[in-house]
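Shown next as structure tokens: one chain only, the form predicted on its own.
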């Protein structure tokens, strides 16, 4: 038995080295082809780092919601808030030195609604956007279904068809036409939504508001506005709320018994600290994820300065691949950790190769381009997450290929489609629309987060109802 385990460990270690070696070889080949590809290579290795950290810390927003609402376990939710705190401080430092690539998103009720749809989807699929990618690296077939058919193909179809035109107000149509987009140029419902609604919404970043920027000029506005006001204080409040509802009663009971008397404020602080450090593995990974996410921004900004560009599409054009870019000469290049848009590009590229014109809409044709997958920097970041998680899972003997069966196939497909539908209207997912925006001082991130939590709560309640109903039927049949 011990020999079998040793053999399995050695085999997994070999696979880990092979995967890492292949990525190193790919990186070298890109460098040899053109030094501009080092911009893309940076995305590969940051994705690889994210994948290793996500897998090791079991970081998943769906798990955080499910554990909290279904089992009353706050470990993952606490880890996410810790990561957010550290990332916001680094993001403020980068912004204060003009080394940030962050940009706020349009603010509106659409963000809350989108978050709710995404939250339901991530619970049904068993993983959020980032969680699905790292679970693919562990061999999870359900997550692959969610990512490929939902985030890839589902998103691409969503932005290129007219399927919710009956919901579109006339003022959206009028607003889009006023921008020079005639009805025949708006080839999808999403086109009208973007041009007629989203583009009209204001963007808000606390450091750029008149009140904050005038009261705290210079670097201080980023630390007080973006970090303290938008991230640190809300995160601290949420930690206290989680402690009060899920941890305090049990902790204080044990504390009072150990002390043999009354407890005080110091014990409350000890309780919160105990909650934060209860799972050292998750908390440490939260700290490291926050730091690496900040480093990612710093490196991408450095690349832009080095090559004299603001978007990878400019480098593709220099290398003779202008056909990969949008009509503005750009491709999707967020400059930081992001998921879902690049998966939509992959789905669009596949459908385009099958004869479906995917370049006649705003999402691909105007904003993000449709590059070949091997020249898509953000897509390489997602692949890096998969491979990084695979390496970590191999090293920890946690890799196991699992084909989805029965209900899991349906949940994976439905959940993935809902995640795709919930990410596009808000222009992001649990990472791009929540984590990055909150840390960058954009309050729309909290709107998306609130919607995501509400949707996850609905998803958990649905699963509880479904499980009880299924069990009742099985008992009746028995």
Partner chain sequence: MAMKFEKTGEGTYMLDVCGYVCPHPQIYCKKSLEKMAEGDVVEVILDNPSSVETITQMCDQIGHEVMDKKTEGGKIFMKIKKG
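Since this is a predicted model, take the numbers as computed values, not measurements. Positions refer to the first chain, counted from 1. Throughout, rigid core stands for the largest set of C-alpha atoms superposing within 1.5 Å between the two forms.
Another form exists, predicted in complex with its partner chain; not displayed. Remarks below refer to it.
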Handout entry: Non-hydrogen atom contact residue 457 with its partner chain in the predicted complex at 4.5 angstroms
Key = no
Problem - Residue contact check: residue 126 to its partner chain in the predicted complex, 4.5 Å heavy atom - result: yes
Practice task
Flag residue 384 as yes or no: does it have a non-hydrogen atom within 4.5 angstroms of any non-hydrogen atom of its partner chain in the predicted complex?
Solution key: no
Practice task
Evaluate residue 15 for contact with its partner chain in the predicted complex, applying a 4.5 angstroms cut-off between non-hydrogen atoms, and reply yes or no.
Solution key: no
Fill in the blank from the handout: Assert contact_stretch over 418-426, 60-68, 444-452, 30-38 against its partner chain in the predicted complex, heavy atom within 4.5 Å, equals 60-68
Problem - in the predicted complex, the residue from 254, 306, 210, 171 that sits within 4.5 Å of its partner chain by heavy atoms - result: 254
Problem - The unique member of 114, 130, 140, 91 whose heavy atoms fall within 4.5 Å of its partner chain in the predicted complex - result: 140
Completion exercise
Checked 390-427 against its partner chain in the predicted complex; residues with a heavy atom within 4.5 Å, sequence order, are 398, 400, 402, 405, 407, 408, 411
Exercise for the section: Take the rigid core as the frame of reference and indicate whether the C-alpha of residue 11 shifts by 2 Å or more between this form and the one not shown. Expected result: no
